[in-house]
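What follows is a single chain, given as structure tokens, in the form predicted alone.
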């Protein structure tokens, strides 16, 4: 599957993926969990533009051990438009993951899943392109809403769109803002929360995603 290059092509793909029914993924006892992150030049504000330089990194962890890490440089193909993030980031994210010698069992990324105007956010799209189970982790929902969970580590609360449970607030640490956790490609609500809970390492952000963000920023020069 190739990445769409126009808004119309991406919307068509999103509608197709929203109705797809791939085989559900089953979380193994000791999964290899990957994380991928893209960052842009420091000081860049607003939606950005096509041609913005981008630095990406992908990390694979086995428990708290880093199995592999790869970084790459790329170029944003569009400015940021809510609901159309793949036009800006899709190929850059894919490129970083493709550099890995091995494949993780599941991949974390900063993007939504079913919490999306057409029900197929970047987490769904990247998973379909890579044929890899994915889980989205964001600081806030895109179109969903729901009250925060209790201020207890591990507490959860639903994120809803028109009454449908599409994501989950997860309080990863007491006293910190919860994360929005999104089922992506071949993952469901319970599995996505379990994956995130498996790799927190006592921090607010899941460790594979934190390490990928760190590596991307290091490649950029902080």
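Keep in mind that what you see is a predicted model, and the values were worked out from it rather than measured. Residue numbers count along the first chain shown, from 1.
The following text describes the form predicted together with the DNA, which does not appear among the structures shown.
| Picking from 68-76, 95-103, 146-154, 119-127, which part of the chain touches the DNA in the model of the complex when contact means heavy atoms within 4.5 Å? | So the stretch in question is 119-127.
| Non-hydrogen atom within 4.5 angstroms of the DNA in the model of the complex for each of 40, 46 and 83 | Verified in the model of the complex; spot residues all in contact, yes.
| Hey, in the model of the complex, does residue 134 get a heavy atom within 4.5 angstroms of the DNA? | Residue-level check for residue 134: no, no contact with the DNA.
| task | Between 100-119 and the DNA in the model of the complex, list the residues on our side with a heavy atom within 4.5 Å. | result | Going through 100-119 in order - heavy atoms within 4.5 Å of the DNA in the model of the complex - the hits are 110, 111, 112, 116.
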